[in-house]
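Okay, here we've got a single chain as structure tokens, the form predicted alone, with questions on binding and movement later.
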């Protein structure tokens, strides 16, 4: 029998009993629905042990790597400490502002030096908190490094209480609380011959830039297509950097898309997601990453699936699906 620790509870799983059944037997209130591994409502995370293989059936590779599992399929074979997926919202370190400069007229690059090492993967997100307790989620735009520096691309929204605070009040040397890194939108070095399709709008380039650099650093051999969209060329920040990188890396292809009325030379006319799905019509076997406007993300997830991409291979973090300020 295995002993399971969950919040203030300790319970024992009987032989051949699922973790969910053991928790319900003890009247522990946890979310669940189908009890067959289909709905993923009972998703949980082990903070100290690798879950049984059976308990991770149907999960994305990125979720497996972070020790997520389904309680309804889990028959523990060892003691475990477990949490709900959203339980890792504790502010665990502080970041000192070391640079803040504009990338475009409404997007700034913010770099923080963490007081303590932060475990993360490029493309994941953390919460940052103001002194008044208001916090927002932002994607990490760089790969892990020995200097404990993390980079964000933050869009300044008119009237946005958090983004305007960063723009107007946050100064070099200031300290800002940071949570654990979360999210499944990151690169994993398996099936390195697989095609990668990265589609982003606005500051959605941030996680995609990190994922791109991670894939290149880990010698991904398959084709990598990055399509970045905006209404005008001013919104396509880092254009020259991405264009230069595409010239240097044989398997990397960069397309800058403009959806407005005027399309200068070297740019592609149209919305980034529509251009991408016309460019690559058969997505079977591809891995797809989507970051940006919620409507674009939802629409493209459906269309990518219809064009052959497996749902397991389509990545878009949940916090992109709600407006941020």
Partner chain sequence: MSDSLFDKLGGEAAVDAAVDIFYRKVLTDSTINRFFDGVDMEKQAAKQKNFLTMAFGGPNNYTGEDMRKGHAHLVKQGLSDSHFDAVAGHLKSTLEELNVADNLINEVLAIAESTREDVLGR
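Residue numbers count along the first chain shown, from 1. Remember, predicted model here, so these are calculated numbers, not experimental data.
The following text describes the form predicted together with its partner chain, which does not appear among the structures shown.
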>> Taking its partner chain as it sits in the model of the complex, is residue 266 in contact with it (heavy atom to heavy atom, 4.5 Å or less)?
In response: no
> Taking 4.5 angstroms as the cut-off for heavy atoms, does residue 60 touch its partner chain in the model of the complex?
Replying inline: yes
>> Although the partner isn't part of this model, could you tell me whether residue 262 comes within 4.5 Å of its partner chain in the model of the complex, counting any heavy atom of the residue?
In response: no
> Do residue 281 and its partner chain share at least one heavy atom pair within 4.5 Å in the model of the complex?
Replying inline: no
> Within 4.5 Å of its partner chain in the model of the complex, do we find a heavy atom from each of 19, 24 and 182?
Replying inline: no
>> Based on heavy atom distances of 4.5 Å or less, which listed stretch (268 to 276, 252 to 260, 288 to 296, 37 to 45) is in contact with its partner chain in the model of the complex?
In response: 37 to 45
> Does any residue in 254 to 276 get within 4.5 Å of its partner chain in the model of the complex, counting heavy atoms only, and if so which ones?
Replying inline: none
